[in-house]
Structure formats: structure tokens, C-alpha cells
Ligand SMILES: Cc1cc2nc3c(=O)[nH]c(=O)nc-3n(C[C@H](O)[C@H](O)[C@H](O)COP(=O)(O)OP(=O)(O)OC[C@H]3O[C@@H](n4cnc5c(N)ncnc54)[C@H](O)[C@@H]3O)c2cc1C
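First, one chain by itself in C-alpha cells, the form predicted alone.
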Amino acid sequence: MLDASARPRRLEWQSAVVEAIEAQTPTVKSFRLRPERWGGFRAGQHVDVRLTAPDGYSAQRSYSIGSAPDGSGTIELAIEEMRNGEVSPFFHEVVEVGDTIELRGPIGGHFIWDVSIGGPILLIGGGSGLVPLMSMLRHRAIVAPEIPAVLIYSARRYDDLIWREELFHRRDKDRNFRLIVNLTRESARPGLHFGRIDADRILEAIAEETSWITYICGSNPFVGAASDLAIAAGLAPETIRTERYGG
């Protein structure tokens, strides 16, 4: 007989109050939420968000948590407004501080990082695929800043870099963290690269080290291409964890 404590926990919908909203890019806003019952989460996990119309119609989407597990009882989501979407336009155009939304979670047990997993850590993110990687990066800075970490981040333009100022600040202040940025639709700026992530960029990140624990998140094509590059660079497939979203 399965012990009750070992049974999978049933996820229940609960209310969460919006405590803060901040524009991160022209198309991405971050939302600080306080769920009414929250037992914590692990860096890399996500939540489901549900909207229900007065006629009973509902729509739900999954969003990664970008904040670190910090005991505050809150989580930060970064939501990109999707053209013709059902949920993201509501967040961008309707939701205000003090509103209540429905969510359930945390969800996910593979694409996670904590100090027991160790490092060094190679994070590769495309667009809003940065969000769960940011949670890992922030968590590492709190619990194990001595673990080396590299983030390769691909975005269309400079203004599309989510949490841009925080990333640059971490790059400048954290001697064990390196940031490599590729812009695909804008000419390179000082210290940044132009074009898609390629083999040279992976080799620049890993240098002579091959024991990286790698996390890749982004669109299906992005994750496929980045995974192939990582393996071609000599990283063991079993050390690479991926998370994809459609498109």
C-alpha cells in the first residue's frame, strides 16, 4: 500500500493577488503574485493560470516562475503578450495591481536546479525561454554563488532583453557568472553578438570544461538547434535538460 505522504500531490486551483506589475520589454510584463496557499517551489518550475469568463468559458496557460525560491510567499511571472492569444492579452491590457487571478502549482520535476544538482551550469535561453533560467540564476546567487554559471541569451533586439539591467548588473558584479548575448535582428552593440547562437558561441561558453549541467529553454526550433550545438561541442546528452514551448 502506498503511504499517503508518498502519493502524488493533487494540484488545486487557488487565488493569487497581483502585488506588482512591471514592463520588462515592449511585449513582456512581469507580475508579482501572492497565492493564498503557497508551500514554495523549486527553481525552474512553472504554474498554470486560468481565466474564467462570466459565461463559464475558461482558458488556461502555463507560465514559468522567474523569481528565486526565497520564502517570500510570492512568485514572479514574466508574460509575453501573444498576438491573438486568450490569456496574455488579458494580463497586459486588463490586470491591475490588487486584482485576483487563479493559478495552480508549482509544476515540474525535471527542468529544475538546486544546489544538490551542483554545476558548473550552462543556461541557454531564447526569448521568453529566459524565465525559468532566471529563476535558477537568481537561486544560485543566493545559495551557491561559488558555482560557475554561464547564460547564453538570444533575443531579437536589445530592447527585447528581459530583466536586461539585472542581467548586466550580475555580469559586472558576479565573478563566477558570465553573460553571452546574441541579438538576431539588430546590429551588435559593444560586448554583444549579432546573429543566431552558433558553434562558436557554445565553445566560447564552455571553454575547456566539459562537465557542464546544461539547461535549454525556448521555442521548439531554438531548443532543437541549441541541443545539437551543445552535443556537437562535446557535452554529454544525459547532462542536457530542455524545456520547449510551441512555435
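Position 1 is the first residue in the sequence shown; the rest follow in order. Computed from a predicted structure; not experimentally measured.
Here the subject shifts to the form predicted together with this ligand, a form of this protein not shown in this document.
With the partner omitted from this view, the residue of 41, 63, 222, 212 that lies near this ligand in the model of the complex is 63 [heavy atom within 4.5 Å]. Contact annotation: of the candidates 151, 79, 134, 155, the single residue with a non-hydrogen atom within 4.5 angstroms of this ligand in the model of the complex is 79.
Stretch 63-71 is the contacting one of 178-186, 63-71, 195-203, 31-39, since its residues have non-hydrogen atoms within 4.5 Å of this ligand in the model of the complex.
Residue 241 falls outside the set of residues with a heavy atom inside 4.5 Å of this ligand in the model of the complex. Using a 4.5 angstroms threshold between heavy atoms, residue 116 stays clear of this ligand in the model of the complex. Residue contact check for residue 87: one or more of its heavy atoms lie within 4.5 Å of this ligand in the model of the complex.
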